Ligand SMILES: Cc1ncc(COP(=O)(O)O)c(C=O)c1O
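Next comes just one chain, in structure tokens: the form predicted alone.
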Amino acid sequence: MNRLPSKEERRLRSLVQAHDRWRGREVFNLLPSENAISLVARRYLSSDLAGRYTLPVVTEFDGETIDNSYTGTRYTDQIEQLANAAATRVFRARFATTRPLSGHIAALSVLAPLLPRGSRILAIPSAEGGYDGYAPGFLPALLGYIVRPMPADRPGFRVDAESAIETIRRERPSAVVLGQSFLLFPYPLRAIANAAHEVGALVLYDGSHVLGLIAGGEFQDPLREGADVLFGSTHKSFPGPQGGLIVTDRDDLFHELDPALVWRTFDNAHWNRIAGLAQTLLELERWGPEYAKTVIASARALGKSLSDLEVPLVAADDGFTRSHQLHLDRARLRKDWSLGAGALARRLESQRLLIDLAGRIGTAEATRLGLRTDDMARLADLFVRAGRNEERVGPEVLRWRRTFHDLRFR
């Protein structure tokens, strides 16, 4: 029997539509952890793949060796093969898997099969910009690891090569995990990798925030600079759907990683996401270098324009950034503006400008929308006028935002 939608169904529809208007047409998103997905990739996310299930793993069933527990997967399997092949090309790797459901699951999928319980790892502390997931109470506690700090105490949470080498030689870890939520500058990776390999340690590079820049040939090239495995999330500087991927050049490591995915860190992958990710990888093959260069150039230009308007940022002497991120100097902000980073973020949000409450600013989605380096001075002016609460700039932001109808890189 057909029935009209319920009140809650109608409310849900209106909320989704309101979200799409708000985030899709009415604000400038400067959150460094988000990006805009192409229309083609979004169509794949809502395709029939969204409800399908497959289990591509070699197993025994009724005395027969099978490589998939389901039928009807002929196209699903080909989509995954296409996605993995695209990932190897984009990241210049020999092996790839696009199955991980998130960047965090990708990290778990790398750590668990490669490092036994009791392993000692080095990770950048969260107080120095490191990812909280590598802090002692989180993934290390789950997996039974001893975690020791890799210092990132130079301005802008930078890792110093000499300090890193000394720490590696003293701690003699099983692995060095490089990954930060606050990531402005490349790591001295060759020096770190040489020291790590001397003591028999793996170098595991969590590129979640800079994966799109790495794909475009900017920031740094982890696998060529000595990392054993590169992994990360695919929705930050990488402009794809939420999810994760893993790439490596080492067949010995991949043959430990790949079989350990199914029935361990997850069972079924999300095939609509893999199709959307494949589309994004193919798009990056066409325009990744231009996109990555523009994102970084815009971040540096925005940093200068904000600094010229007396917005306190870290690492000003080093050009503010070499990534898609800028970081507010929170101590100076509170002193000079009598305002915390969270309060500033809420004030900006009311004027249709989005940053995060920790004081990070990003240029990846703005670049995708079509803003160019020359637009950063105007964006900084709106930021300051809104942030200082001098006037209501929301209508001006909205008029400008509505001039951007299509993604620049698609």
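Numbers for residues come from their place in the sequence shown, where the first is 1. Quantities reported herein were computed from a predicted structural model and do not represent experimental measurements.
Another form exists, predicted in complex with this ligand; not displayed. Remarks below refer to it.
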| remark: None of P173, P239, G303, G179 but one has a heavy atom within 4.5 Å of this ligand in the predicted bound form; the exception is G179
| query | this ligand isn't shown here, but in the predicted bound form which of R273, H209, H327, R99 has a heavy atom within 4.5 Å of it? | reply | H209
| Any chance all of G103, Y131 and S233 sit within 4.5 Å of this ligand in the predicted bound form, going by non-hydrogen atoms? | yes
| said: Partner absent here, but in the predicted bound form, which of 75-83, 263-271, 179-187, 165-173 has residues with a heavy atom within 4.5 Å of this ligand? | reply: 179-187
